[in-house]
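The form predicted alone is given below as one chain in C-alpha coordinates.
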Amino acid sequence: MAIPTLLTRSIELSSALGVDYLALGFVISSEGLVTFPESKKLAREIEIELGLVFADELSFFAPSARAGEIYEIPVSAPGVKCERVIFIGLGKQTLGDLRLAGAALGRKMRPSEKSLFNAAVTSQKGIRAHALAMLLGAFQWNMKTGQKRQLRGKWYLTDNCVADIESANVIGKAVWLARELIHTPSNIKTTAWLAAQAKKLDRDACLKVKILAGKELTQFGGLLAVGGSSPKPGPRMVEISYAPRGSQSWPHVVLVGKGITFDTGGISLKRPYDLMIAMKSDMAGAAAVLATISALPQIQPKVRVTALLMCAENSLSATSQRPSDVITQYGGTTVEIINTDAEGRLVLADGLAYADAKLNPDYLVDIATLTGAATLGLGRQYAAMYTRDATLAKKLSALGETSGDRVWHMPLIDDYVKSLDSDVADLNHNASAAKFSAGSVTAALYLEKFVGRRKWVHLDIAGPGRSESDAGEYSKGGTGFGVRLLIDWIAGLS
(Lines give C-alpha, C1' and ligand atoms only; values in the text may rest on other atoms or scores of the structure.)
Protein backbone atom coordinates (compact mmCIF):
# COMPACT_ATOMS: atom_id res chain seq x y z
CA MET A 1 0.00 0.00 0.00
CA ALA A 2 1.89 3.03 -1.28
CA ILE A 3 0.17 5.96 0.39
CA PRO A 4 1.48 9.54 0.04
CA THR A 5 3.17 10.96 3.14
CA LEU A 6 2.11 14.24 4.72
CA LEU A 7 5.10 16.14 6.11
CA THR A 8 5.45 19.49 7.83
CA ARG A 9 7.57 22.42 6.81
CA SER A 10 7.58 26.10 7.75
CA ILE A 11 5.83 28.39 5.29
CA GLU A 12 8.49 30.55 3.74
CA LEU A 13 9.55 31.51 0.26
CA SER A 14 12.55 29.19 -0.03
CA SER A 15 10.63 26.11 1.04
CA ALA A 16 7.70 26.90 -1.23
CA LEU A 17 9.85 27.36 -4.33
CA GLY A 18 12.11 24.42 -3.48
CA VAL A 19 9.49 21.76 -4.32
CA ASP A 20 7.99 20.65 -7.62
CA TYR A 21 4.45 21.92 -7.19
CA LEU A 22 3.07 24.73 -5.04
CA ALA A 23 -0.62 24.85 -4.10
CA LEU A 24 -2.27 28.07 -2.92
CA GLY A 25 -5.84 28.31 -1.66
CA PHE A 26 -7.85 31.27 -2.98
CA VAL A 27 -11.20 32.94 -2.37
CA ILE A 28 -13.00 35.85 -4.00
CA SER A 29 -13.88 38.72 -1.71
CA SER A 30 -17.19 40.58 -1.64
CA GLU A 31 -15.53 43.21 -3.81
CA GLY A 32 -14.73 40.57 -6.42
CA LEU A 33 -11.00 40.48 -5.65
CA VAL A 34 -8.97 37.28 -5.68
CA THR A 35 -7.25 36.79 -2.32
CA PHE A 36 -5.17 34.10 -0.63
CA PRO A 37 -6.49 34.18 2.95
CA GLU A 38 -4.13 31.61 4.45
CA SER A 39 -0.94 32.81 2.76
CA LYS A 40 -1.22 36.47 1.75
CA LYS A 41 2.38 37.37 2.53
CA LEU A 42 3.77 34.20 0.97
CA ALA A 43 1.70 34.66 -2.18
CA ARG A 44 3.00 38.21 -2.62
CA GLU A 45 6.61 37.09 -2.11
CA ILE A 46 6.19 34.37 -4.73
CA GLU A 47 4.64 36.81 -7.19
CA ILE A 48 7.66 39.08 -6.86
CA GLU A 49 10.10 36.19 -7.19
CA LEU A 50 8.39 34.82 -10.31
CA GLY A 51 7.42 38.15 -11.86
CA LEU A 52 3.72 37.25 -11.92
CA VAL A 53 0.46 38.67 -10.65
CA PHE A 54 -1.66 35.72 -9.57
CA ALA A 55 -4.96 37.63 -9.76
CA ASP A 56 -4.25 38.44 -13.41
CA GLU A 57 -3.33 34.81 -14.14
CA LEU A 58 -6.55 33.59 -12.55
CA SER A 59 -8.72 36.20 -14.26
CA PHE A 60 -8.08 34.38 -17.54
CA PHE A 61 -10.19 31.48 -16.19
CA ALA A 62 -13.02 33.61 -14.71
CA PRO A 63 -12.83 31.67 -11.43
CA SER A 64 -15.70 31.33 -8.98
CA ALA A 65 -13.55 30.05 -6.07
CA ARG A 66 -16.07 27.36 -5.21
CA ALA A 67 -14.63 24.67 -2.98
CA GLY A 68 -12.39 22.29 -4.92
CA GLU A 69 -12.14 24.47 -8.04
CA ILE A 70 -8.60 24.04 -9.45
CA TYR A 71 -6.48 26.00 -11.91
CA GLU A 72 -2.78 25.75 -12.59
CA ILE A 73 -0.09 27.73 -14.32
CA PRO A 74 3.39 26.59 -15.36
CA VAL A 75 6.28 28.63 -14.00
CA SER A 76 9.87 28.99 -15.03
CA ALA A 77 12.42 31.14 -13.29
CA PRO A 78 16.19 30.88 -12.75
CA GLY A 79 17.08 28.96 -9.61
CA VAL A 80 13.47 28.00 -8.92
CA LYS A 81 12.63 24.29 -8.73
CA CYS A 82 8.87 24.83 -8.73
CA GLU A 83 7.28 23.70 -12.00
CA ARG A 84 3.65 24.64 -11.43
CA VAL A 85 1.52 26.79 -9.17
CA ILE A 86 -1.87 25.23 -8.45
CA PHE A 87 -4.75 27.39 -7.23
CA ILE A 88 -7.48 25.71 -5.17
CA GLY A 89 -10.81 27.35 -4.44
CA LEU A 90 -11.64 27.31 -0.73
CA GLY A 91 -15.31 28.27 -1.04
CA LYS A 92 -16.58 29.73 2.23
CA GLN A 93 -13.80 27.97 4.14
CA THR A 94 -16.21 25.80 6.12
CA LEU A 95 -14.99 22.42 7.31
CA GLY A 96 -16.81 20.80 4.40
CA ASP A 97 -15.27 23.23 1.92
CA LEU A 98 -11.78 22.58 3.25
CA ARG A 99 -12.34 18.84 2.85
CA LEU A 100 -13.54 19.31 -0.73
CA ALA A 101 -10.49 21.44 -1.51
CA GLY A 102 -8.14 18.88 0.00
CA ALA A 103 -9.77 15.99 -1.86
CA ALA A 104 -9.61 17.88 -5.17
CA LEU A 105 -5.93 18.59 -4.65
CA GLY A 106 -5.18 14.98 -3.73
CA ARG A 107 -7.00 13.76 -6.84
CA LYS A 108 -5.14 16.30 -8.97
CA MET A 109 -1.80 14.98 -7.72
CA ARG A 110 -2.65 11.29 -8.21
CA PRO A 111 -0.40 10.69 -11.24
CA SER A 112 2.62 12.35 -9.67
CA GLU A 113 5.28 11.02 -7.36
CA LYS A 114 6.79 14.47 -6.99
CA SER A 115 6.57 16.61 -3.88
CA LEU A 116 3.96 19.29 -3.28
CA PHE A 117 3.95 22.25 -0.94
CA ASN A 118 0.40 23.12 0.13
CA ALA A 119 -0.32 26.57 1.55
CA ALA A 120 -4.08 26.21 1.13
CA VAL A 121 -4.81 25.88 4.84
CA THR A 122 -2.40 26.95 7.53
CA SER A 123 -4.72 27.72 10.45
CA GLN A 124 -5.79 25.34 13.20
CA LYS A 125 -9.30 25.38 11.78
CA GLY A 126 -9.74 22.47 9.47
CA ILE A 127 -6.09 21.54 8.97
CA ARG A 128 -6.56 17.88 9.86
CA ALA A 129 -9.73 17.58 7.77
CA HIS A 130 -8.04 19.26 4.81
CA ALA A 131 -4.89 17.16 5.10
CA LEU A 132 -6.78 13.90 5.50
CA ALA A 133 -8.97 14.77 2.52
CA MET A 134 -5.83 15.16 0.40
CA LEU A 135 -4.89 11.57 1.19
CA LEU A 136 -8.39 10.25 0.56
CA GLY A 137 -8.74 12.11 -2.74
CA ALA A 138 -5.47 10.59 -3.94
CA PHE A 139 -6.58 6.99 -3.51
CA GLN A 140 -6.69 4.80 -6.60
CA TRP A 141 -6.72 1.05 -7.13
CA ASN A 142 -6.45 -1.16 -10.18
CA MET A 143 -4.89 -4.38 -11.42
CA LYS A 144 -3.90 -3.13 -14.87
CA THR A 145 -0.75 -4.72 -16.21
CA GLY A 146 2.26 -2.43 -16.13
CA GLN A 147 0.56 0.44 -14.31
CA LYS A 148 1.47 1.76 -10.92
CA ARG A 149 -1.55 1.61 -8.68
CA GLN A 150 -0.66 4.39 -6.26
CA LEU A 151 1.69 7.29 -5.87
CA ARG A 152 4.35 7.74 -3.22
CA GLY A 153 4.46 11.51 -3.13
CA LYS A 154 5.66 13.71 -0.29
CA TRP A 155 3.27 16.54 0.47
CA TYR A 156 4.40 19.37 2.73
CA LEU A 157 1.97 21.29 4.91
CA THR A 158 2.26 23.88 7.66
CA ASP A 159 4.34 23.04 10.71
CA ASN A 160 1.92 24.95 12.99
CA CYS A 161 -0.26 21.89 13.48
CA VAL A 162 2.13 18.93 13.55
CA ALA A 163 -0.11 16.73 15.72
CA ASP A 164 -3.09 17.23 13.39
CA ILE A 165 -1.04 16.29 10.35
CA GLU A 166 0.39 13.22 12.08
CA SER A 167 -3.18 12.22 12.98
CA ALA A 168 -4.22 12.67 9.34
CA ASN A 169 -1.40 10.34 8.26
CA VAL A 170 -2.51 7.61 10.68
CA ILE A 171 -6.21 7.84 9.84
CA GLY A 172 -5.51 8.19 6.12
CA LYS A 173 -3.48 5.00 6.17
CA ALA A 174 -6.33 3.20 7.94
CA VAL A 175 -8.93 4.37 5.41
CA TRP A 176 -6.64 3.34 2.55
CA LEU A 177 -6.36 -0.11 4.13
CA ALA A 178 -10.14 -0.44 4.28
CA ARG A 179 -10.46 0.67 0.65
CA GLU A 180 -7.75 -1.76 -0.47
CA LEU A 181 -9.61 -4.63 1.17
CA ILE A 182 -12.95 -3.62 -0.33
CA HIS A 183 -11.58 -3.15 -3.85
CA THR A 184 -9.87 -6.55 -3.93
CA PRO A 185 -11.94 -8.84 -6.21
CA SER A 186 -13.70 -11.75 -4.59
CA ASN A 187 -11.86 -14.46 -6.53
CA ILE A 188 -8.86 -13.33 -4.44
CA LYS A 189 -10.74 -12.09 -1.38
CA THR A 190 -11.97 -15.36 0.10
CA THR A 191 -12.79 -15.64 3.78
CA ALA A 192 -9.39 -17.26 4.35
CA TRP A 193 -7.65 -14.40 2.54
CA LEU A 194 -9.48 -11.79 4.58
CA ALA A 195 -8.58 -13.59 7.79
CA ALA A 196 -4.94 -13.70 6.63
CA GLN A 197 -4.94 -9.92 6.15
CA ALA A 198 -6.17 -9.53 9.71
CA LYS A 199 -3.52 -11.96 10.94
CA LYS A 200 -0.83 -9.55 9.76
CA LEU A 201 -1.81 -7.26 12.64
CA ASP A 202 -0.32 -9.83 15.02
CA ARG A 203 3.04 -8.25 14.23
CA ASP A 204 2.11 -5.35 16.52
CA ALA A 205 2.66 -6.12 20.18
CA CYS A 206 -0.53 -4.25 21.13
CA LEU A 207 -2.76 -6.35 18.87
CA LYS A 208 -3.71 -10.01 19.19
CA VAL A 209 -5.55 -11.93 16.48
CA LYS A 210 -7.57 -15.13 16.86
CA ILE A 211 -9.26 -16.90 13.93
CA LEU A 212 -12.09 -19.41 14.34
CA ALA A 213 -12.98 -21.83 11.52
CA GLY A 214 -14.53 -25.23 10.97
CA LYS A 215 -15.65 -27.03 14.12
CA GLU A 216 -14.69 -24.00 16.23
CA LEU A 217 -17.78 -22.27 14.78
CA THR A 218 -20.30 -24.93 15.84
CA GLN A 219 -22.33 -22.49 17.94
CA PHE A 220 -22.38 -19.78 15.28
CA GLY A 221 -25.49 -20.91 13.43
CA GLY A 222 -25.93 -17.75 11.39
CA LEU A 223 -22.36 -17.73 10.15
CA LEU A 224 -22.52 -21.41 9.28
CA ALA A 225 -25.87 -21.08 7.52
CA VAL A 226 -24.58 -18.32 5.25
CA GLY A 227 -21.00 -19.51 4.82
CA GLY A 228 -22.00 -23.12 4.32
CA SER A 229 -23.00 -22.17 0.79
CA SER A 230 -19.28 -21.84 0.01
CA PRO A 231 -17.62 -24.57 2.09
CA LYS A 232 -14.19 -24.12 0.53
CA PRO A 233 -12.69 -22.31 2.38
CA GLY A 234 -15.83 -21.83 4.52
CA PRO A 235 -16.68 -19.10 7.05
CA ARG A 236 -14.32 -17.47 9.51
CA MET A 237 -14.71 -15.39 12.65
CA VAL A 238 -11.73 -13.15 13.27
CA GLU A 239 -11.26 -11.65 16.74
CA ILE A 240 -8.70 -8.83 17.04
CA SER A 241 -8.01 -7.30 20.43
CA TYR A 242 -6.30 -4.07 21.39
CA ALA A 243 -5.51 -4.41 25.09
CA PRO A 244 -2.18 -2.89 26.12
CA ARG A 245 -0.68 -3.75 29.49
CA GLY A 246 -2.66 -2.14 32.31
CA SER A 247 -5.83 -1.72 30.24
CA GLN A 248 -8.19 -3.94 32.26
CA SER A 249 -9.85 -0.94 33.92
CA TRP A 250 -10.31 0.97 30.67
CA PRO A 251 -13.66 1.19 28.86
CA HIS A 252 -14.20 -1.77 26.54
CA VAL A 253 -15.57 -1.26 23.03
CA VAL A 254 -16.52 -4.21 20.82
CA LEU A 255 -16.85 -3.58 17.08
CA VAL A 256 -18.65 -6.15 14.92
CA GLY A 257 -18.27 -5.96 11.15
CA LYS A 258 -20.22 -7.71 8.41
CA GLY A 259 -17.68 -9.56 6.26
CA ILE A 260 -19.60 -11.05 3.33
CA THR A 261 -16.80 -11.46 0.81
CA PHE A 262 -19.31 -11.83 -2.03
CA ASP A 263 -23.09 -11.86 -2.01
CA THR A 264 -25.03 -13.58 -4.76
CA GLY A 265 -28.18 -13.54 -2.65
CA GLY A 266 -27.98 -17.31 -2.27
CA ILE A 267 -31.04 -19.25 -3.41
CA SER A 268 -33.01 -15.98 -3.26
CA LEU A 269 -30.78 -14.86 -6.11
CA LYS A 270 -30.28 -11.13 -6.65
CA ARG A 271 -32.22 -9.78 -9.61
CA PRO A 272 -31.52 -8.04 -11.90
CA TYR A 273 -28.20 -9.84 -11.94
CA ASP A 274 -26.09 -6.72 -12.44
CA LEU A 275 -26.84 -5.89 -8.79
CA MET A 276 -24.18 -8.49 -7.98
CA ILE A 277 -21.33 -6.60 -9.64
CA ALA A 278 -20.80 -4.37 -6.61
CA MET A 279 -21.11 -7.19 -4.10
CA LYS A 280 -17.38 -7.61 -3.54
CA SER A 281 -17.91 -4.57 -1.28
CA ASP A 282 -20.35 -6.40 1.02
CA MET A 283 -17.54 -6.85 3.53
CA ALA A 284 -17.06 -3.07 3.96
CA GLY A 285 -18.15 -3.27 7.61
CA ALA A 286 -15.48 -5.84 8.42
CA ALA A 287 -12.94 -3.76 6.51
CA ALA A 288 -13.88 -0.70 8.58
CA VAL A 289 -13.42 -2.40 11.94
CA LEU A 290 -10.17 -4.06 10.87
CA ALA A 291 -8.80 -0.72 9.64
CA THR A 292 -9.98 1.07 12.78
CA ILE A 293 -8.25 -1.29 15.19
CA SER A 294 -5.09 -1.27 13.02
CA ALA A 295 -4.66 2.44 13.79
CA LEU A 296 -5.02 2.21 17.57
CA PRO A 297 -1.39 1.34 18.44
CA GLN A 298 -0.38 4.69 16.88
CA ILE A 299 -3.23 6.67 18.44
CA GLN A 300 -2.89 4.94 21.83
CA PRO A 301 -6.34 5.61 23.30
CA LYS A 302 -6.97 4.45 26.83
CA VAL A 303 -9.76 2.20 25.61
CA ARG A 304 -9.78 -1.57 25.19
CA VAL A 305 -11.15 -2.54 21.79
CA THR A 306 -12.14 -5.90 20.36
CA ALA A 307 -12.99 -6.21 16.67
CA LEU A 308 -15.05 -9.15 15.38
CA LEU A 309 -14.99 -9.82 11.64
CA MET A 310 -17.89 -12.10 10.69
CA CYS A 311 -16.66 -13.51 7.38
CA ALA A 312 -18.61 -15.65 4.94
CA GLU A 313 -19.46 -15.89 1.26
CA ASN A 314 -23.16 -16.00 0.39
CA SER A 315 -23.10 -18.25 -2.63
CA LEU A 316 -25.52 -20.45 -4.59
CA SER A 317 -24.76 -24.14 -4.21
CA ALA A 318 -26.09 -27.49 -3.07
CA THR A 319 -25.15 -26.54 0.50
CA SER A 320 -26.88 -23.15 0.51
CA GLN A 321 -29.48 -22.49 3.18
CA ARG A 322 -33.08 -22.47 1.91
CA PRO A 323 -36.09 -20.28 2.54
CA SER A 324 -38.08 -22.05 5.32
CA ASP A 325 -34.95 -23.43 7.02
CA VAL A 326 -34.69 -22.89 10.78
CA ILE A 327 -31.27 -22.08 12.20
CA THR A 328 -29.99 -21.43 15.71
CA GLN A 329 -28.05 -18.24 16.30
CA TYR A 330 -25.22 -18.02 18.86
CA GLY A 331 -26.87 -18.14 22.28
CA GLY A 332 -29.79 -20.37 21.28
CA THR A 333 -32.36 -18.18 19.50
CA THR A 334 -34.07 -20.08 16.68
CA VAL A 335 -34.73 -18.21 13.44
CA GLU A 336 -36.88 -18.99 10.43
CA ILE A 337 -35.13 -18.13 7.17
CA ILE A 338 -37.38 -16.27 4.73
CA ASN A 339 -35.02 -14.69 2.21
CA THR A 340 -31.43 -15.90 1.87
CA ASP A 341 -30.43 -12.47 0.52
CA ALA A 342 -30.97 -11.05 4.01
CA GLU A 343 -27.83 -12.80 5.18
CA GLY A 344 -25.90 -9.95 6.77
CA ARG A 345 -28.07 -9.76 9.87
CA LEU A 346 -27.54 -13.48 10.46
CA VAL A 347 -23.76 -13.22 10.69
CA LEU A 348 -23.95 -9.98 12.68
CA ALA A 349 -26.39 -11.49 15.17
CA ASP A 350 -23.90 -14.25 15.97
CA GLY A 351 -21.18 -11.68 16.54
CA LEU A 352 -23.37 -9.47 18.73
CA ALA A 353 -24.59 -12.40 20.82
CA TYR A 354 -21.04 -13.68 21.26
CA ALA A 355 -19.85 -10.21 22.33
CA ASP A 356 -22.68 -9.90 24.84
CA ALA A 357 -22.09 -13.37 26.31
CA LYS A 358 -18.29 -13.54 26.30
CA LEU A 359 -16.68 -10.11 26.02
CA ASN A 360 -18.58 -7.91 28.50
CA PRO A 361 -18.39 -4.70 26.43
CA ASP A 362 -19.23 -1.24 27.75
CA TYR A 363 -20.11 -0.28 24.18
CA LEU A 364 -21.20 -2.63 21.39
CA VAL A 365 -21.14 -1.28 17.83
CA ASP A 366 -21.90 -3.10 14.60
CA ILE A 367 -21.31 -1.74 11.11
CA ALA A 368 -22.55 -3.25 7.89
CA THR A 369 -23.65 -2.67 4.32
CA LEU A 370 -26.94 -4.13 5.46
CA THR A 371 -30.03 -2.86 3.61
CA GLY A 372 -30.81 -1.12 0.37
CA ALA A 373 -33.70 0.42 2.30
CA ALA A 374 -31.25 2.62 4.20
CA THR A 375 -30.41 4.48 1.00
CA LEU A 376 -34.02 5.33 0.16
CA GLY A 377 -34.39 8.05 2.77
CA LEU A 378 -30.76 9.02 3.31
CA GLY A 379 -29.12 8.58 -0.09
CA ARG A 380 -25.39 7.96 -0.18
CA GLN A 381 -24.06 10.75 2.02
CA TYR A 382 -25.33 9.56 5.40
CA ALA A 383 -25.31 6.21 7.16
CA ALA A 384 -28.38 5.11 9.10
CA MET A 385 -27.59 4.99 12.84
CA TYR A 386 -29.75 3.10 15.32
CA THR A 387 -29.42 3.27 19.09
CA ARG A 388 -31.65 3.89 22.09
CA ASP A 389 -28.94 5.93 23.82
CA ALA A 390 -29.75 9.53 22.89
CA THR A 391 -26.53 10.90 24.40
CA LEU A 392 -24.39 8.47 22.44
CA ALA A 393 -26.37 9.21 19.27
CA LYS A 394 -25.82 12.93 19.68
CA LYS A 395 -22.10 12.42 20.18
CA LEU A 396 -21.71 10.22 17.11
CA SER A 397 -23.79 12.59 14.98
CA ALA A 398 -21.52 15.50 15.94
CA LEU A 399 -18.37 13.46 15.28
CA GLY A 400 -19.79 12.40 11.94
CA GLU A 401 -20.07 16.01 10.84
CA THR A 402 -16.50 16.84 11.85
CA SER A 403 -14.90 13.60 10.65
CA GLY A 404 -16.74 13.46 7.33
CA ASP A 405 -18.40 10.08 8.05
CA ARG A 406 -21.88 11.48 8.57
CA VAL A 407 -24.63 9.51 10.33
CA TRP A 408 -28.33 10.14 10.89
CA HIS A 409 -30.13 8.93 14.01
CA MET A 410 -33.00 6.69 12.92
CA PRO A 411 -35.87 5.41 15.10
CA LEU A 412 -36.19 1.91 16.54
CA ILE A 413 -39.97 1.68 16.24
CA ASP A 414 -41.36 -0.81 18.74
CA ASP A 415 -44.63 -1.12 16.82
CA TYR A 416 -42.66 -2.90 14.07
CA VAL A 417 -41.25 -5.64 16.32
CA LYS A 418 -44.26 -7.87 15.59
CA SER A 419 -42.99 -8.20 12.02
CA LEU A 420 -40.28 -10.52 13.40
CA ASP A 421 -42.80 -13.09 14.67
CA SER A 422 -42.63 -16.63 13.33
CA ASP A 423 -45.03 -19.58 13.51
CA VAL A 424 -42.20 -22.11 13.73
CA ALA A 425 -39.25 -20.36 15.42
CA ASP A 426 -38.45 -17.65 17.94
CA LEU A 427 -38.04 -15.10 15.14
CA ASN A 428 -38.19 -14.72 11.41
CA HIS A 429 -35.20 -12.76 10.18
CA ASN A 430 -36.78 -10.84 7.31
CA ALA A 431 -39.62 -9.00 9.10
CA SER A 432 -42.14 -10.81 6.90
CA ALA A 433 -44.88 -11.27 9.51
CA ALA A 434 -46.23 -7.78 8.83
CA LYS A 435 -46.00 -5.35 5.95
CA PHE A 436 -44.41 -2.34 7.58
CA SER A 437 -41.75 -1.79 4.90
CA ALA A 438 -38.99 0.21 6.71
CA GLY A 439 -36.48 -2.53 5.92
CA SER A 440 -33.56 -0.76 7.57
CA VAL A 441 -35.57 -0.24 10.77
CA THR A 442 -36.77 -3.83 11.00
CA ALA A 443 -33.25 -5.14 10.32
CA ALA A 444 -32.01 -3.05 13.25
CA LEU A 445 -34.84 -4.37 15.44
CA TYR A 446 -33.74 -7.91 14.58
CA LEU A 447 -30.14 -7.17 15.60
CA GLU A 448 -31.31 -5.58 18.84
CA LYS A 449 -32.61 -8.99 19.94
CA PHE A 450 -29.00 -10.14 20.34
CA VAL A 451 -27.31 -7.28 22.23
CA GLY A 452 -28.61 -7.87 25.76
CA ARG A 453 -28.58 -4.71 27.84
CA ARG A 454 -25.44 -3.25 26.28
CA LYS A 455 -24.98 0.28 25.02
CA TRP A 456 -25.45 -0.63 21.38
CA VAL A 457 -25.17 1.23 18.09
CA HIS A 458 -25.96 -0.17 14.66
CA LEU A 459 -24.52 1.60 11.60
CA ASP A 460 -26.12 0.66 8.29
CA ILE A 461 -23.60 1.94 5.73
CA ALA A 462 -25.20 0.53 2.58
CA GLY A 463 -25.40 4.07 1.17
CA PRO A 464 -22.04 5.72 1.89
CA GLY A 465 -20.07 2.47 1.98
CA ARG A 466 -19.75 2.53 -1.81
CA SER A 467 -19.54 5.34 -4.35
CA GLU A 468 -20.38 5.12 -8.04
CA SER A 469 -17.88 7.84 -8.94
CA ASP A 470 -14.91 9.83 -7.69
CA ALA A 471 -16.72 12.50 -5.69
CA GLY A 472 -15.23 14.63 -2.94
CA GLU A 473 -13.29 12.46 -0.53
CA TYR A 474 -14.91 9.31 -1.90
CA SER A 475 -13.22 7.19 -4.51
CA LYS A 476 -15.20 5.15 -7.00
CA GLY A 477 -15.93 1.85 -5.31
CA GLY A 478 -15.39 1.21 -1.61
CA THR A 479 -15.12 4.40 0.45
CA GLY A 480 -13.82 3.09 3.78
CA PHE A 481 -16.78 4.76 5.46
CA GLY A 482 -16.83 4.50 9.24
CA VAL A 483 -13.08 4.40 9.87
CA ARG A 484 -12.76 8.12 10.59
CA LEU A 485 -15.88 8.16 12.75
CA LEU A 486 -14.93 5.12 14.82
CA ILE A 487 -11.34 6.26 15.38
CA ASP A 488 -12.41 9.73 16.49
CA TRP A 489 -15.08 8.32 18.80
CA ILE A 490 -12.76 5.76 20.39
CA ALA A 491 -10.03 8.38 20.85
CA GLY A 492 -12.56 10.61 22.60
CA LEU A 493 -13.45 7.90 25.13
CA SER A 494 -9.96 8.02 26.64
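Being a predicted model, the structure only gives us computed values, none of them experimental. Throughout, we count residues from 1 along the sequence that is shown.
Only in words, not in the display: the form predicted together with a small molecule, which the text now covers.
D282 within 4.5 Å of the small molecule in the predicted complex, heavy atoms: It does: once the small molecule is placed as it appears in the predicted complex, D282 has a heavy atom within 4.5 Å of it.
4.5 Å heavy atom contact, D263 and the small molecule in the predicted complex: Yes.
Non-hydrogen atom contact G372 with the small molecule in the predicted complex at 4.5 angstroms: Result yes; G372 sits at the interface with the small molecule in the predicted complex.
4.5 Å heavy atom contact, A342 and the small molecule in the predicted complex: The answer is yes: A342 has a heavy atom within 4.5 Å of the small molecule.
Candidate from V457, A43, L447, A462 lying within 4.5 Å of the small molecule in the predicted complex - any heavy atom: Contact with the small molecule in the predicted complex is made by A462 alone.
Option touching the small molecule, based on a heavy atom within 4.5 Å in the predicted complex, out of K418, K270, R110, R84: Here the answer is residue option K270.
Options 343 to 351, 191 to 199, 295 to 303, 217 to 225; stretch whose heavy atom lies within 4.5 Å of the small molecule in the predicted complex: Going by heavy atoms within 4.5 Å, the stretch is 343 to 351.
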